[in-house]
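First, one chain by itself: the form predicted alone, in structure tokens.
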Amino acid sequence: MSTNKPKAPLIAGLDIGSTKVAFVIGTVNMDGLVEIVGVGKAPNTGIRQGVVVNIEATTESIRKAKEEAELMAGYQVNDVWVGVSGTHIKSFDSKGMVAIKNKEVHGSDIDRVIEAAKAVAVPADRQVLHVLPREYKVDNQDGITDPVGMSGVRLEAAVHIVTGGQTALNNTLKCVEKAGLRVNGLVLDTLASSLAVLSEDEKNLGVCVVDMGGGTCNLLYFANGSVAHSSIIPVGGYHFSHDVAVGLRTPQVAAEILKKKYGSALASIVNENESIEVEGVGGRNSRQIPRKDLADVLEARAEEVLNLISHDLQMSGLMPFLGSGVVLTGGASQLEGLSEMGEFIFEIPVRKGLPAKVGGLIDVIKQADYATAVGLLLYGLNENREHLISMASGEVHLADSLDGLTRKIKDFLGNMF
């Protein structure tokens, strides 16, 4: 494979799911837009409900997806942004307060107030993934989203802190590193998906993103443009397929294919006379059944999952702030009729979210199951936007090259003495 250096800087995202691993490679152009150049996907059996249960299987899936994406892109990737989710993720709110140094808020004051909000007792077995500012307060004026340049004496911040279980995160890191990659950072799956599928207007009006994966449904709530709450429901696409396998007495693999090809969450919209072929178990003959039978099985599970989501929406206390309703994304959200049933159950608008805001191979990644992987690229771009754009326009910062030089001299001297 050619490992020629691309003209533009590379950025890669890795979504390790309970049913599949997706690897997406993008380049950043001079306008600061991500162009997708390579996509890879491999089935994965080494994860259950977002937690690694088999290191070897997961590492192998990552390797396969990476190779497929690299072949398509023609470039080799060394580092990657990794999405994490699962039942071990917990989040809570916190507040911080500092005195404003020069009677005017600067970037350093914001860093200090976030540090203060972070200074809460996080158990030793948990690691902080994100500290997401909800709003700031200068003296007694609240509801401020960006306080830089404002005059005042006291700055307060309300933040939402997302943490993950140390063991689960370490096992994820181990799999990625064994597949020969360096981890740029761990990102909450739903936060990444929201970057790929939501518009700024939706975030400002208030919205809930439901990332329906293979093993879990992950929810992230936005109110007034910032993250207000996150939660996880431990059911997903795998449970739909399992129901089909049991209900129609067919192998798991065949059940998955039937669900994707003929499945519908609403039995009422399926043609009464249409029949489908169902493979038998253990070498038994395949048989013809009405397609409506498949829809009946899926409808029962869809109703249950949407009711669990509805319960979560009610319990969050944020229903009055969800002006744009709910956005369903992730692989399991592709089931026909799911958003229509969602509107009926939630009684607020529901739409399906597909990844956008990127260029390049759009037709390949315009599927809900790539939302997280594409979002990870956008997250990576936001984290070091200036550096990537200056690399894209061919400027290598003098400071960077000097840094590298000093490091080399230090290492050389260190090796001598």
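A residue's number is simply how far along the shown sequence it sits, counting from 1. Because the structure is predicted, anything quoted here is derived from the model rather than measured.
The same protein has a further form, the form predicted together with a small molecule, not shown here; the description that follows concerns it.
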**Study point:** Candidate spot Gly215, Glu256 and Lys259, all three touching the small molecule in the predicted complex (heavy atom, 4.5 Å)
**Key:** yes
Exercise for review: Please run the contact check for Gly13 against the small molecule in the predicted complex: heavy atoms, 4.5 angstroms, yes or no?
Suggested key: no
Exercise for review: Would you please decide whether Ser230 lies within 4.5 angstroms of the small molecule in the predicted complex, comparing each non-hydrogen atom pair?
Suggested key: no
Review point. Though only this chain appears here, would Gly342 touch the small molecule in the predicted complex if you measure heavy atom gaps against 4.5 Å?
Key: no
Practice item. Indicate whether the small molecule has at least one heavy atom within 4.5 Å of a heavy atom of Gln334 in the predicted complex. Key: yes
Review point. Of these, 100-108, 334-342, 220-228, 159-167, which stretch puts a heavy atom within 4.5 angstroms of the small molecule in the predicted complex?
Key: 334-342
